[in-house]
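Single chain ahead, written as structure tokens, the form predicted on its own.
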Amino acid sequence: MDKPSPYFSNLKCRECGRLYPKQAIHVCDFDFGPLEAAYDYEAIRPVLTRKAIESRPHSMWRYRELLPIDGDPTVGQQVGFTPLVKADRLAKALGIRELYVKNDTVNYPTLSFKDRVVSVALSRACELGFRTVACASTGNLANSVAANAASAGLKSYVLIPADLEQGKVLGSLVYGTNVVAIHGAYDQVNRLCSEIAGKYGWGFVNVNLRPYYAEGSKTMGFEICEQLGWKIPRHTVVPMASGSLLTKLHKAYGEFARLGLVEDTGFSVHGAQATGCAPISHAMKRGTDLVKPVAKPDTIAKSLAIGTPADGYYAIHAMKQTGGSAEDVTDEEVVEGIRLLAECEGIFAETAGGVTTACAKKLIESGKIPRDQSAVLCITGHGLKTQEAIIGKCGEPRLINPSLREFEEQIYSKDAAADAVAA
């Protein structure tokens, strides 16, 4: 067992503030509130300086004092520090002065932000002595648990809805994990995982290891601030499934401000969902923090299709506290968002990225994100994982024989004429 961290002190109930030991527990015994990691910020302040951070390797672990493990990370040491792309062409298309894309489609090893949360959860699982790890997943988490468990020599099980995209199913199977497909929505999968965790004592990253797992999302926010030149973005648009990523970005900005690493100049976080499963967005629009579950999600954005979002209440309060808002988009708008991001910036995002881009467009058009301000879009997974969503919706190849004459007649001359009309 590693020597206890002098910075990560306890688990703490988000509702009543009761402190708990740093074990594989996730719910308060008193009020059933969720537990989250608590830190000694006064001890961290003199250690985690801008200079110290900048001297460290380019990974999410450069902020290790704000992550809930006791020793050095043992899983996912190379995860994170993905590009923050200044998206000028997309900014022009959306009609906003300045726009950035936090591009986690290139995260290591499985091309999604879930590599962040899994590397923290499995590093902590190893510290706690687990040899079997597992998860309930809508796809990206399953891929990441499978890959990172394989690299760490851990046995793994991933439980998924049976109708998941084949790219994500294959993206788990290849690592030799135990893939269990279940007839039912994600929420039914998640309930089964809670029962299995209780009976067999496995380390479920998003059940009994959730307090550690969730903290990994903060690193996206830390990186955004550093990559912007040690500034909190004025607006951040975040896809919402459980709502956890949005709440942790909010926490990340607050922690950096508390430690004096950035100035708190005021910021807004906005949530994005697909209309076919938008319980948080719909509650936010109704002006309530009571999230009505969606029994049967119906959207191509399967990675966001969580009908009973565990952090929905907290996501709503984070948006309200920062003057943010929520939006949701149809499947057709999701496809449009995928294409717009790809055509403007050369970034191929999965359906969740289409949701974020399309919702950002709506938020800008409605004035909730003013056109003369700046925003960051959080793009969380690669489009190669969800190709089914856009098959037949991006055009078809133009077929010709291997003839220069045919090329000139069928392709070049027609394109030149079209360019002349456009000009």
Partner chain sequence: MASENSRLWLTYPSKLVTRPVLWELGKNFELITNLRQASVTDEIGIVSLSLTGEREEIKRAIAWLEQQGIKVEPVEINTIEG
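Just so we're on the same page, rigid core means the largest C-alpha set that superposes within 1.5 Å between forms. Everything numeric in this text was worked out from a predicted model, so none of it was measured. Positions refer to the first chain, counted from 1.
One more form of this protein, predicted together with its partner chain, exists but is not displayed; see below.
Asks: Its partner chain isn't shown here, but in the predicted complex, which of 219-227, 169-177, 131-139, 329-337 has heavy atoms within 4.5 Å of it?
Replies: It is the stretch 131-139.
Asks: Is there any non-hydrogen atom of H26 lying within 4.5 Å of its partner chain in the predicted complex?
Replies: Judged by the heavy-atom cut-off of 4.5 Å, H26 is in contact with its partner chain in the predicted complex.
Asks: Please run the contact check for P233 against its partner chain in the predicted complex: heavy atoms, 4.5 angstroms, yes or no?
Replies: Contact with its partner chain, no.
Asks: Can D163 be called a contact residue for its partner chain in the predicted complex at 4.5 Å between heavy atoms?
Replies: Close contact is absent here: in the predicted complex, D163 is far from its partner chain, nothing within 4.5 Å, heavy atoms only.
Asks: Since only the chain is shown here, I'm wondering whether P309 would be in contact with its partner chain in the predicted complex (any heavy atom pair within 4.5 Å).
Replies: It does: once its partner chain is placed as it appears in the predicted complex, P309 has a heavy atom within 4.5 Å of it.
Asks: Quick check on this chain: which one of S303, Q273, S119, T247 has a heavy atom within 4.5 Å of its partner chain in the predicted complex?
Replies: Checking each option against its partner chain in the predicted complex, the one that comes within 4.5 Å is S303.
Asks: Quick check on this chain: which one of E54, D31, E388, E365 has a heavy atom within 4.5 Å of its partner chain in the predicted complex?
Replies: It is D31.
Asks: Please tell me whether the candidate spot formed by R124, N148 and A150 is one where all three residues come within 4.5 Å of its partner chain in the predicted complex (heavy atoms).
Replies: The answer is no: none of the three residues contacts the partner (heavy atom, 4.5 Å cut-off).
Asks: Are there residues in 242-265 with a heavy atom within 4.5 Å of its partner chain in the predicted complex, and which are they, in order?
Replies: Stretch hits: a single one, S242.
Asks: Using the core for the fit, does the CA position of D163 change by 2 Å or more between the shown form and the other one?
Replies: The answer is yes; the displacement is at least 2 Å.
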